[in-house]
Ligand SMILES: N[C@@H](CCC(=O)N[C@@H](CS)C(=O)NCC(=O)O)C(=O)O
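Only one chain is included here, represented as structure tokens and corresponding to the form predicted alone.
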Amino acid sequence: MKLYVCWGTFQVPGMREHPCRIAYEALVQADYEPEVIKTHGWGALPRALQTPGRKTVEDGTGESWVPALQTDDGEWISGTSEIVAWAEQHAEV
């Protein structure tokens, strides 16, 4: 299982809760240990200017925004709330 994030899963001080962190924490709480892949860059850039990680996400989901989850069976889940819902439905606890 691979979780594609922007720059990390940390909380930015003084900011709202970070979407990549929320997705990561939901997976950990569901007893998963995702491989975290930092895509860097910015999702709004044209594909030619995207990082390889963002291009991988776009190939899998149709868009370059993260967080995005690639399950072990190759399914892609895009977006924080969608990843949280998936984790809750597939909890291994």
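Everything quoted here is computed from the prediction, not taken from an experiment. Start at 1 with the first residue shown and count on from there.
Only in words, not in the display: the form predicted together with the named molecule, which the text now covers.
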- Flag residue 43 as yes or no: does it have a non-hydrogen atom within 4.5 angstroms of any non-hydrogen atom of the named molecule in the predicted bound form? yes
- Considering only heavy atoms, tell me if residue 65 and the named molecule come within 4.5 Å of each other in the predicted bound form. yes
- Item | Exercise: residue 70 in contact with the named molecule in the predicted bound form, heavy atom 4.5 Å | no
- Message: Considering non-hydrogen atoms and a 4.5 Å limit, does the named molecule approach residue 77 in the predicted bound form?
- Response: no
- Message: Check for me whether the named molecule, as it appears in the predicted bound form, comes within 4.5 angstroms of all of 2, 27 and 38 - heavy atoms only.
- Response: no
- Task: Just give me the residues of 13-37, first to last, that have a heavy atom within 4.5 Å of the named molecule in the predicted bound form.
- Result: 18, 19, 20
